[in-house]
Structure formats: structure tokens, C-alpha cells
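Here we start with a single chain on its own, the form predicted on its own, put down as C-alpha cells.
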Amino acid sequence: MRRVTVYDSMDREVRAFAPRTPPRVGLFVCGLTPYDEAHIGHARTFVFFDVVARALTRWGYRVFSVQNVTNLDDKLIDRAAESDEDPLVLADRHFLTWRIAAERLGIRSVNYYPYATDYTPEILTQIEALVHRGFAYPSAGSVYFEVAKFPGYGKLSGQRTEALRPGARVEVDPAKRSPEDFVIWKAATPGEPSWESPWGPGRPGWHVEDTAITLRLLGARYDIHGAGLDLIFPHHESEIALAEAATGESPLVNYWMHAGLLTMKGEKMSKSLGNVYALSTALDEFGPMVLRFFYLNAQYRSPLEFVRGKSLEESREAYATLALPAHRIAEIVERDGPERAGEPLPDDLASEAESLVDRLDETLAEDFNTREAIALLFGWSRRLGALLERLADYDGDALAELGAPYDWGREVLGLFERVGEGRAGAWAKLVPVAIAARARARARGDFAEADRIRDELLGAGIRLEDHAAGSRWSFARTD
């Protein structure tokens, strides 16, 4: 396996990567709260961690990648109330929209998308452990984590607990022992989804959802936790406290990786600020390759400024230049076949292509430096640019050697794709998400929503058949 280095947000330095049980790697990335359509700021984080999983897999690691879905929280409840809708239905709909966009964008490395509400038993078990160990206390039907009982709180962010006190982060809550304590089980409010618990009906708090999921799927300690930079405090700080207090094991994570935020005029792209650009719109206007190029042609930990009418237009021109030789090689091979006759590749070019692939791996292995890897690919495209008219003279083996750096870019960066997986391949990933949403709707007795999902699939050419073992799907006949 290749030597890899990673910038660890906890130690604030680049460290050699050493998974706990090589070659296995547990990767958890904080996913969406799908209360609205995803925007291009969300996708920057998820594209980067898609590259992390792709690269580690190429280098011989066995990656289990988990990305949670916060399908119930205050934002979802508030947004659903505006439209008089069940928040769980709203979450299902927006998550399916996200999965369609993610598939178009080439984010295919995630092994599992766990829904928070599906882990309510694990959440209750963790809360009971925290209460039993003296780190949490019930009050007024809710349960709170007592921050003062965990001396390490703040070790990831460097923040002091005073930042959580009134006037900084939260309003005064008389049910708390201290202002900085945070809720891990929230007493039921009329009209909201709730579950039974030893402390009365309620729903999980945000932070404990993630730790219950990772404890079940990845264990008390795992390798990489990734997310956007904005989640370090208080979310990740609270995850550390909850998990380590509940299990007595530390550290929760060996490497904390945080991607920089997408900004507009220096501010984080955010629905609350109204400065968002919908991901589906960007995909329609510019295509997935331009978006991936825009994200990856930057240092992942740095802010990435987005300027309407400029950023993606410039990226489209730059990417067209970068990809021109790759597409030309692909066109020739598609036309004549990989065994085509022609001239062999000169030794100097063959050697350059081979060494470039090694340099690409070495460059990316230094804290996933996608920007420098793309710079190397630009150099190769300039080199081949002078040979565009001669490419058709080379034999199939020669073209394969010239195309090897682009094959690397396709495998690891997800660039240079010209044609999707095809109708069946794409739907095979997306239809199960819709079927799962429909099954949840039926389980809670919302048959109108279940019928709506079935009808939307049928409108897209997908027919469902319900059987005792579950729902099966097939392409509907169009004749």
C-alpha cells in the first residue's frame, strides 16, 4: 500500500496515515439534513471525500464509507410546518433529489447512507449509557449532556465552553444545569414525530444521532471523520464528548479531515443567507465534469470563492482544454477499436506517460493534493496538444499508454467521463432509495405518499411490483 499523509484537524499538522486495522479503513462523512434542495456548497465537501475514498481504494485499502442522513431535526420540522407536510416525507423527497444529483456528479464511493431515525434504538442505548455513567441527566422529559463532566470538551476546536453560554450560542434553558449543556433527547412537542423512551416520548438530538450510527457501523474507534469546516464546533466537539464518554474509549477518530467552505463574497453559501446556487441547476447548465473540476482545482482545506457568471464559465473553458487530448484519444479508440494498427509509441513518450501516473499517485498521496495533481495533468495535455494531429497515426497500445494519465484521472478524480454508466446502471443505484422511502411511508400509514412515489417512478419509466419479500422494479414498456 502506498504511503499517504493526511492533515489532521485535531493535531493541526500533516501526519502519516495508518489505519487501525489495515487494509480496512472506516470513513464517516457528515451528510445532508435534507430540508431543502442541495446546493453547490454541499457538493464541494462530498466530491472531495469521494476522491478520498477512490484514492485509498486505488492504493490498496478496503474503504467502508458511510454518509449519514439527518432526516429529522428542527430545520426539517420548521420547513415541513410551512408546507403542512410530514417532516419525514420532506426529508425522503429531498434526499432522493440529492441522490440523483450525486449520481450525476459521479459520487459513487459511499457504501451506506444511514437514516438517523432508523437508529433510534442505538441512540436510546447510548443515552442510557451516558446517564448511567454520570455524563447526562434527565430534566423535564428531555436528557442533556453535562459538558462540565467531560474535561476534554473543546480539544478539537480550541473553543471554550463559554462560547455555548447565553449571548453566544444558545438561549437560556431552565431545564439545564449549565447553559453549555446540550440536549441529546428532546421531549416531544405536539404534532412532531416522537418515539417512546425511559424519559417519556421524544426525539433524538442532532449530535447523538451521528455517534450512535458510527458506534454501530464503525465501532467505538475508527479511522477518518470528514465534513465541512463549519461543523467542527459544536457538532464534532460534541460527537467526541458523547462517544468517548459513553464507551470510555478514545480517541473516537484517528484523523479529522475538514473541507473548506464554498463562499460567495466571502460568506459561506447558505440557505439562511439566501446566497445559494442549486446543484441540479448547476449540473444542467455546466455538467458534472465542470463542477468536479471546479471543486478539485483548489486546495481542499481552503475557502473556495464562487462568483456567478465567472467561476463555472472559467472552469468550463479550462476543463475543455484539459480534457481535449483525453477525448480525442477516446474518439479514435471508439472508432477503430483498442487493437487498431498504427505506429508504436516512441520510447520517450511511453516513459513520460508511465512516470506521470506514478507522480500523480505520489502527489495526491500528500494530503490529497488534487490541485497539484490537476496541474500535472494540464502539463500532459499541453504535451499532447502538440501531437493532436498525429494521435490517429498511433496503434492501440500507444494510445492506451498516452491515455493512462487520463485513465488515472477518471478512476481517482472522477474526471474525463464522456458517457454515463447507462440507463440501467444509474437507475440501479437510485430506485432502491425511492423504494426505501416508499416502504417507510407505508409503514407509517401514509399511503398517499407511497402512491405518489410509485407514480413518479412510473412516470420515469420504472414499474414497481409489490411482493411478500419486498418491492421489485423493472423498466416499463414504452410501446
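In this text, all values refer to a predicted model and were calculated from it rather than measured experimentally. Note that residue numbering follows the sequence shown and begins at 1. The term rigid core refers to the most C-alpha atoms you can superpose between the two forms while keeping them within 1.5 Å.
If you look for the form predicted in complex with the RNA, you will not find it shown, but the lines that follow are about it.
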Worksheet item: Of 298-306, 195-203, 111-119, 403-411, which is the one stretch near the RNA in the predicted complex, taking non-hydrogen atoms within 4.5 angstroms as near?
Response: 298-306
Discussion item. Please determine whether P234 contacts the RNA in the predicted complex, using a 4.5 Å cut-off between heavy atoms.
Written reply: yes
Discussion item. Please determine whether S272 contacts the RNA in the predicted complex, using a 4.5 Å cut-off between heavy atoms.
Written reply: yes
Discussion item. Given that the RNA is not shown alongside this chain, does L388 nevertheless sit within 4.5 Å of it in the predicted complex, heavy atom to heavy atom?
Written reply: yes
Worksheet item: Within a 4.5 Å heavy atom cut-off, is L324 in contact with the RNA in the predicted complex?
Response: yes
Worksheet, complete the sentence: Note: exactly one of P87, G396, P138, P179 sits with a heavy atom within 4.5 Å of the RNA in the predicted complex, namely P179
Worksheet item: Exactly one of D78, D284, E362, E267 has a non-hydrogen atom within 4.5 Å of the RNA in the predicted complex; which residue is it?
Response: E267
Practice prompt. Can you tell me which bits of 3-26 touch the RNA in the predicted complex, meaning any heavy atom within 4.5 Å?
Written response: Y7, R12
Discussion item. After core superposition, I'd like to know whether R58 moves between this form and the one not shown (criterion: C-alpha shift of 2 angstroms or more).
Written reply: no
Discussion item. After superposing the rigid core, is the C-alpha displacement of A441 2 Å or more between this form and the one not shown?
Written reply: yes
